[in-house]
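Quick heads-up: it's one chain on its own, the form predicted alone, in structure tokens.
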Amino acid sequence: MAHRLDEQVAIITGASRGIGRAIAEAYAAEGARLCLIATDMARLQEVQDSLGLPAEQILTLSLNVRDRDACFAAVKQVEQHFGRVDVLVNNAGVYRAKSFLDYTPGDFQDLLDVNLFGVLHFMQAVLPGMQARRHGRIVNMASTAGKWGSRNQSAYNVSKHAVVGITRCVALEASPHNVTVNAICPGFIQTDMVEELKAQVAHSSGMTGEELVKAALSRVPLGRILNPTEIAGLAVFLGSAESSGMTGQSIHVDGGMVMF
């Protein structure tokens, strides 16, 4: 344990599985006090039990990030419980693969409601306190899909392009208050969402899951699907004092798939 997040109060959304769970584990190991948020309370309880933190060091809340009032209420509860919010990790997200002509307006709206507006709600909820204290770190989970175009996931790409864009804009506005805002852009990470991606894209493209993985990895110089812990390490860095000179960045962790 390096204690890089000792006594820091962190909210992590989408914390019940995959990348969010890995970030929760990494933050706990670095000494943070945690509020873990997801829709599935049973899974959150499992994560809480696995971390083994004292009761006073962890809070779990079940809510849907689509619900703006619930997001603001959660931040207020964290501030009342821990006294402040130092770090926000906006990790909650959904994925849906279809050809562009098969997407409905409802598909686009649903992905935007979670992937963009969930980020927006929580940032607007925590920023007043962070700016008043002149300290804060916001880490938004974007994607390589927020940096380039790809087939059969236009709605997802639109939502993640929006996360990259809002990260840059809020970073500019928050910087005079010593609050940093950065984004992580994962590539292919071994999570439940990747398994869903394989099934959905295979269905929409006519490829098998194995063919999809082979084609995807042909574009990855490291030639492998990454592990959630490889994302969690960067999330710790961006949440800690070590990243105090960085803001407005969207950083690829993708095995070299996107090089710009």
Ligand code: NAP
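If you're wondering where the values come from, they're calculated on a predicted model, not measured in any experiment. The numbering used is simple: start at 1 and walk along the sequence shown.
The next section is about a form of this same protein that is not shown, the form predicted together with the ligand.
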| property | result |
| --- | --- |
| Stretch from 100 to 108, 134 to 142, 170 to 178, 72 to 80 whose residues place a heavy atom within 4.5 Å of the ligand in the model of the complex | 134 to 142 |
| Residues Y27, V87 and Q249 all lining the ligand in the model of the complex, heavy atom within 4.5 Å | no |
| Any non-hydrogen atom of A38 within 4.5 angstroms of the ligand in the model of the complex | yes |
| Heavy atom of N64 within 4.5 Å of the ligand in the model of the complex | yes |
| A155, heavy atom within 4.5 angstroms of the ligand in the model of the complex | no |
| Proximity of V126 to the ligand in the model of the complex, heavy atoms at 4.5 Å | no |
| Any residue of 12 to 36 that, in the model of the complex, places a heavy atom within 4.5 Å of the ligand | G14, A15, S16, R17, G18, I19, G20 |
